[in-house]
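Just the one chain here, laid out as C-alpha cells, in the form predicted on its own.
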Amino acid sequence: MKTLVHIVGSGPAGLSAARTALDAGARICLIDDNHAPGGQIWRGGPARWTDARARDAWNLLRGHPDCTVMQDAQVIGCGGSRTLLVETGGRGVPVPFERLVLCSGSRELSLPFPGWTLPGVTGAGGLQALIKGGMPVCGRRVVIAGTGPLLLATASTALRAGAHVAAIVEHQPWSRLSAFGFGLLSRHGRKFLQAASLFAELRGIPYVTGARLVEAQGEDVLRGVVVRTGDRDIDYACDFLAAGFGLVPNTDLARALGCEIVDGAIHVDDGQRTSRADIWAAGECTGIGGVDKAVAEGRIAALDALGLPPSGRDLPLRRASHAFAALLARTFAPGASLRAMCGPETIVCRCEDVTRARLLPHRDWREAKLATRVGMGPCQGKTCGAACAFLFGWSHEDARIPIMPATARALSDFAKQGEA
C-alpha cells in the first residue's frame, strides 16, 4: 500500500511537497482553507499564475488518482495527537494522519498607529490580496508604507490594477537599502534583477526612505496620511493606505499539535522534521524567506517524510534561500523607533478596543489579557499578539482550540463523533 502524506496549506511549500510526494509514488491529501491553490504568494489560482513552478505542480496534482484536494477546508485544531479537526462545507470532519507536513505560511505584522482602524487602511499583503480577489482600485489613490520588499510588490499590483500610487514610504534609510542591493547583486543575482525590474516598473512614483507613519486621517473613512521624514511631515491625500511591516510565521496549528516553537517559528531539523517524529514543516511557518525557501523546504520535507534523502541540488538551493532570508531579516527587521508610532491612546487590540495606555501597567500577555481582554476577541490575538510582542516584548505562545473561528454546527459534529 502506498504511503499517505497529509499536507496543510497549498502555497509554494505545500504544492512543492505535494508534487515531490506524488513523484515519489506516495498518496497525498492536500488541505487548504482557500477556494483556489497557491497561498498568499501565488494567490489568484491556476488561470492567473505566472510562476511555472506553480503551474507545473498543479498540473500534476489536478485529477491525479493518488491526490485528494480539500479546498475551502479550514483546520480549526486537533483532536488527539494524530487527528486534524477540519471544517468544510459547514460540517466538522476529523482527518486522521500518520505523516503530516505543515505549510501554514505566515500572516502580516500589523503595527498600531493613530488611525490604523479606519476603513481604507489595510496591510500591504492585505491590499494585494483584495486587488487580486477583484476589488476595484482603478483611479483610486493609494499610499504604501512600512518596510520590506512587499511594499514594492503591492505597489506593482495596485499600479497594474489602475490605481494611482501616490507614494511608497520605506522606513529603512537609503544607506541600508543600498547595502541590501549590494548583497543581492553579490549573492542573489536573480533577486537583484527582480528588484531592478520592479523599480523600473514603479519609476516616477515618489519613493520616500527613512520615514515612518505619523497618522491616518479621516472621520468615518480614510482621507489622507501623514508621513514623517527627518523633521518634516508630508501629507498625502489617499483612498487606501497599505501598511506593511513584514510577516510573522503562522504557528497556531503547530503549537496546538505540540511542536516546539523557537524565536516565533516552528523549529525543524535538517530534514524539516519538527520536534514531533510524525510532523514536518516547510515555508514561511519555519521562518520568513520567500517563495524559493518555501519551494526548497517543501520538497525536502516531503522526501524526509517518505524516508528518502534530498538530491544533491536540494541542499544548496535551501542554503541559498536561507542566506537570502537572513539578508532580508538584517535589512528590514522593524526597528525600535517604530514603537513611537503607537501613542498612549492608540488602539492596539481592534477586537476589544484596548489602547496602549491600558496595556502599559501589565507585566506580560497573560496578565494583560485577564485585566483588559486584549487578544480575547474574534481574532484571538492573531493581530494584537504580534503587535504586543513588538511593543512590549511579551511572548504569545498559547494555542487554544479552535485556533480559527468555527461554526457551532462543526463543533457539534466533532462532539458527536467524539461520543460515538
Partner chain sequence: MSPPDLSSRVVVDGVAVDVPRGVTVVAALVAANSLCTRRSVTGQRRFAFCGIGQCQECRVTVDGCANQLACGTICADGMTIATGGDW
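Every value quoted in this text rests on a predicted model; they were computed, and no experiment measured them. Numbering follows the first chain given and starts at 1.
The next section is about a form of this same protein that is not shown, the form predicted together with the partner chain.
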- Taking the partner chain in the predicted bound form as the reference, which of Thr154, Thr147, Thr286, Ser106 has a non-hydrogen atom within 4.5 Å? Ser106
- Item | Among the candidates Arg339, His267, Arg176, Arg350, the residue which, in the predicted bound form, approaches the partner chain to within 4.5 Å (heavy atoms) | Arg350
- Even though the partner chain is not shown here, does Pro310 get within 4.5 Å of it in the predicted bound form, heavy atoms only? no
- Task: Consider Ser110 of the chain shown here, and say whether it contacts the partner chain in the predicted bound form, taking contact as heavy atoms within 4.5 Å.
- Result: yes
- Task: Using a 4.5 Å heavy atom cut-off, state whether Phe332 contacts the partner chain in the predicted bound form.
- Result: no
- Item | is_contact(Thr117, the partner chain) in the predicted bound form, heavy atom dist at most 4.5 Å | yes
- Message: Counting heavy atoms only and using a 4.5 Å cut-off, do Met135, Asp220 and Asn250 all touch the partner chain in the predicted bound form?
- Response: yes
- Message: Can you tell me which of 58-66, 22-30, 378-386, 364-372 lies within 4.5 Å of the partner chain in the predicted bound form, counting heavy atoms only?
- Response: 378-386
- Task: Scan 20-45 and note down the residues that get a heavy atom within 4.5 Å of the partner chain in the predicted bound form; none is a fine answer too.
- Result: His35, Gln40, Arg43
